[in-house]
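Listed next as structure tokens is one chain, alone, in the form predicted on its own.
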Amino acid sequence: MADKLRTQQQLESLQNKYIGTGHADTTKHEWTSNIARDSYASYQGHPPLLHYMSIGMGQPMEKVRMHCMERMVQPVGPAPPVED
């Protein structure tokens, strides 16, 4: 019983520390948005990958970086309407 409680507490701690880990009420839109934001952040955080992408897109690295930052606002589009 103590192991189950400890596991639950560790999971709650991870969910509070890392937003993208999700929880039971996470919607598909929130989950896909978190994944896309993590991807864009990773592209910006790894200069060789950003350089590779800029060569493929035929644009300067700073334009590609700005494109990634702009896409982080709504990475998968607007949220679907909430049903009551």
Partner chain sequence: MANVQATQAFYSLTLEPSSAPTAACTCNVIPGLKSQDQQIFEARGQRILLHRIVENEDRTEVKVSTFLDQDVFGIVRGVSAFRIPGTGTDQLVVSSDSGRVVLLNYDPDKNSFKRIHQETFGKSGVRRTVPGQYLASDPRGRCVMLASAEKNKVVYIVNRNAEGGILISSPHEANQWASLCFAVCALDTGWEHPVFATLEVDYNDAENDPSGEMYERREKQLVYYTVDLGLNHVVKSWSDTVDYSANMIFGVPGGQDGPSGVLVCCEDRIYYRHDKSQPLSIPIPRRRGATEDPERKRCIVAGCLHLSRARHEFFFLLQTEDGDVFKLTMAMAEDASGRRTSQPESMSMRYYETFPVAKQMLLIRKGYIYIAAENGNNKLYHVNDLAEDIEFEPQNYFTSDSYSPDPEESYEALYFHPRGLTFTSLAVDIPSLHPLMRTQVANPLNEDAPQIYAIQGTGATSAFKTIRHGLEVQEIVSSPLGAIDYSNLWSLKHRASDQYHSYLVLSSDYADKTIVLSIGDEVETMENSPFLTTRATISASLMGDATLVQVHARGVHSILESGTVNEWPVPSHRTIVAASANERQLLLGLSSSELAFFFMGDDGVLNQLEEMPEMSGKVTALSVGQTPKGQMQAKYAVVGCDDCTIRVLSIELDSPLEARSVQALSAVPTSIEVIEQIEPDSGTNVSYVHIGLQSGLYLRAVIDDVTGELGEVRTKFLGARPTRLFPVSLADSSSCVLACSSRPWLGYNHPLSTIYTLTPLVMAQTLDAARGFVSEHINGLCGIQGSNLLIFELGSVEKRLSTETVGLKYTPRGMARNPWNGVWYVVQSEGNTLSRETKKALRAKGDGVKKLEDGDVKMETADGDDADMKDTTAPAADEENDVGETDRHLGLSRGLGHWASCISAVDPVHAKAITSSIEFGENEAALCVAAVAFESRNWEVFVAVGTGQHLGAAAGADVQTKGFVHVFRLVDEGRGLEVVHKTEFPTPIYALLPFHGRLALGVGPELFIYDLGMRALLRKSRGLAVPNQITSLQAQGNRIIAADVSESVTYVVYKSTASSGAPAGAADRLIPFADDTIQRWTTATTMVDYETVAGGDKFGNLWVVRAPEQASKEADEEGIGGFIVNERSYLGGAPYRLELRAHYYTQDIPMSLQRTALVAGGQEVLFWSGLQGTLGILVPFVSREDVEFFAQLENLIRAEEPPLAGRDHLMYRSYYAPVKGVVDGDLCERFSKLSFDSRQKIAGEVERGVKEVERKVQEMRGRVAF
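This is a predicted model, so every value here is computed, not measured. Between two forms, the rigid core is defined as the largest C-alpha subset superposing within 1.5 Å. Positions refer to the first chain, counted from 1.
Keep in mind that the form predicted in complex with its partner chain is missing from the display, and what follows is about it.
Of the heavy atoms in N16, some are within 4.5 Å of its partner chain in the predicted complex.
Taking non-hydrogen atoms only, H23 never approaches its partner chain to within 4.5 angstroms in the predicted complex. Heavy atoms of A79 reach within 4.5 Å of its partner chain in the predicted complex, making it an interface residue. Among heavy atoms of L11, none comes within 4.5 Å of its partner chain in the predicted complex. Interface residues of 39-73, taken as those with a heavy atom within 4.5 Å of its partner chain in the predicted complex (partner not displayed): A41, S42, Q44, G45, H46, P47, P48, L49, H51, Y52, S54, I55, G56, M57, G58, Q59, P60, M61, E62, K63, R65, M66, M69, E70, M72, V73, in sequence order. After superposition on the rigid core, the Cα of M66 moves by less than 2 Å between this form and the one not shown.
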